[in-house]
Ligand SMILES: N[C@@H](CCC(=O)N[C@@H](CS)C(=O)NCC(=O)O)C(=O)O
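Quick heads-up: it's one chain on its own, the form predicted on its own, in structure tokens.
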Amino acid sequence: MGIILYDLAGEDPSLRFSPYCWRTRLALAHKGLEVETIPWRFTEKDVIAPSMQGRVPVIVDGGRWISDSWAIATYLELTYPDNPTLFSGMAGLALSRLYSAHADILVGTIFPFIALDIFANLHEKDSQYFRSSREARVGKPLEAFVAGRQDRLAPFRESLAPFRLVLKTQPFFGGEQPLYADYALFGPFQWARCTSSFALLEGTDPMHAWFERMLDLFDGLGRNAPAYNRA
């Protein structure tokens, strides 16, 4: 039996949109591991209770429950050392931790652009939970939180300048081939792509070209996912 992945889903069970689950999905594909993905929703915390927490991604591997995308990645690297490496050594692991931290920040930065779009895609049993928990977090209605997003787009794009500088000399953040650093940064942009028609990246942006390359990895795993922008 292969690995089981609990993967955040919208009203449509095929819509998988968690930025952190996408990190894990690409990490599993990179390792070449067989995986069964199970759609999971915010209010189904009882389903993943054996993981001793209430968020996904969660994997089950041979009866062992592992949660948190970073913990899962390091577990896969240690448990399957003969499969392709996610980090390319200890130095790469340390640098991937930095990229993962940047990706965590991107999640927070992108959320004000797509919060209301995420809400529109949720299963009815998740809608009230999502609205109440996120509005308590941001201190205002989702509609007010997202208002004026077009005006905030240019500063957001400018903030990506360090990533563009890296991509001037190499196709992936991992170098000539993608590594976990790429999967971590891919997650927030795929999250937006799967839930919103709002374009975060310009077509001429090197980040856009990188994202397109990422979508085509592993026989189009990212590109073939249900999304608002299938191009």
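Here the structure is a predicted model, which is why all the values come from computation and not from measurement. Numbers for residues come from their place in the sequence shown, where the first is 1.
From this point on, the text means the form predicted together with the ligand, which you will not see here.
Handout entry: Candidate stretches 194-202, 64-72, 181-189, 29-37, one within 4.5 Å of the ligand in the model of the complex by heavy atom
Key = Careful reading of the contacts points to 64-72.
Exercise for the section: May I ask you to check whether R16 falls inside a 4.5 Å heavy atom distance of the ligand in the model of the complex? Expected result: It does not: once the ligand is placed as it appears in the model of the complex, R16 has no heavy atom within 4.5 Å of it.
Practice task
Flag I59 as yes or no: does it have a non-hydrogen atom within 4.5 angstroms of any non-hydrogen atom of the ligand in the model of the complex?
Solution key: No, I59 is distant from the partner.
Practice task
Indicate whether K45 is a 4.5 Å heavy atom neighbour of the ligand in the model of the complex.
Solution key: K45: contacts the ligand in the model of the complex.
Handout entry: Proximity of H123 to the ligand in the model of the complex, heavy atoms at 4.5 Å
Key = So H123 does not count as contacting the ligand.
Problem - in the model of the complex, residues of 140-163 near the ligand [heavy atom within 4.5 Å] - result: The stretch does not touch the partner at all.
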